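Taking the form predicted alone, here's one chain by itself in structure tokens.
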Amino acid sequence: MNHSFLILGANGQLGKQFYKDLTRRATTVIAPDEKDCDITSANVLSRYIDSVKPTVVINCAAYNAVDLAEQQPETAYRINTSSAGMIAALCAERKISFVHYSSDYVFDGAKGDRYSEQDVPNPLNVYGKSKHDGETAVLAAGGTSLVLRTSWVFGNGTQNFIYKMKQWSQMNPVLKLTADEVSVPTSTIDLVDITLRALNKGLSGLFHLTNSDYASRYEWGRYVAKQLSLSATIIPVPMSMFPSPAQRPLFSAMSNQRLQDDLGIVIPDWRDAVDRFIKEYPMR
């Protein structure tokens, strides 16, 4: 089926990857600047959607500043909750498929094992609460919505952990990384590919979309340092060494088994994802 895609939040890591992959597939892609399409205004957004007439809206826009959200809860809720629910409702009215991304931070990390879609969320911080309320709002809007929880996303640009590891190692001979903070590093390359597979299969509802296996920040950093031949010494430390305004879950890794089963695929391991990412986006 021929889709036309409207990407909201097109300037972020995930939005850029969607734009790159969809234009490569010669698909119709509309990727407005934030100033041209205010996702917090129902009037602006509904007029914009009616003018470009997409068949799929992909919401890559999010307020991701976890610590800042503690001081700016209104902003976090406006973007992650109200706006997400509003877009879902506009799409439902127009029979447009809607894709929305959520976070492993909806969980408190107390389970000590990978979280499934059946596990009950219990977010520890404003960001996590705003993302959980956003999921609820999207799914309550009716229509065909796909809500995908992901974690530790890395994509092209200077905001990803891999790029930062390279920068940090050039400035510091010793890097301290948390050994008790565990989740799943997830590549935008795989996020885009698997989202499009899920859309083609007509999936809707809530799924966990991450790469496979899991790692601590320390393990992830060690792996990146090895692949990039970084010279810094990396030492494991507890998360308590880095006090921050927002409390974070220790073990928030999620299981992607349901999505693998429903799509009949094997989702690549995060190490494999890191290798392919470095190949596609060499760190100069």
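We number the residues from 1 along the sequence you see. It should be emphasised that the depicted structure is a prediction, and the values quoted were computed from it without experimental measurement.
Beyond the structure shown, there is the form predicted together with a small molecule, which is absent from this document and is the topic of what follows.
- I39 belongs to the set of residues with a heavy atom inside 4.5 Å of the small molecule in the predicted bound form.
- Contact annotation: Y115 falls outside 4.5 Å of the small molecule in the predicted bound form, judged by heavy atom distances.
- The closest heavy atom approach of E34 to the small molecule in the predicted bound form falls within 4.5 Å.
- The closest non-hydrogen atom of F98 lies beyond 4.5 Å of the small molecule in the predicted bound form.
- Using a 4.5 Å cut-off to the small molecule in the predicted bound form, each of Q13, D104 and K131 places a heavy atom inside that distance.
- For the small molecule in the predicted bound form, the listed stretch (115 to 123, 195 to 203, 152 to 160, 167 to 175) containing residues with heavy atoms inside 4.5 Å is 152 to 160.
- Interface residue among L139, I189, I79, A89, judged by heavy atoms within 4.5 Å of the small molecule in the predicted bound form: I79.
- The single contact residue among A253, C60, V57, A69, judged by any heavy atom lying within 4.5 Å of the small molecule in the predicted bound form, is C60.
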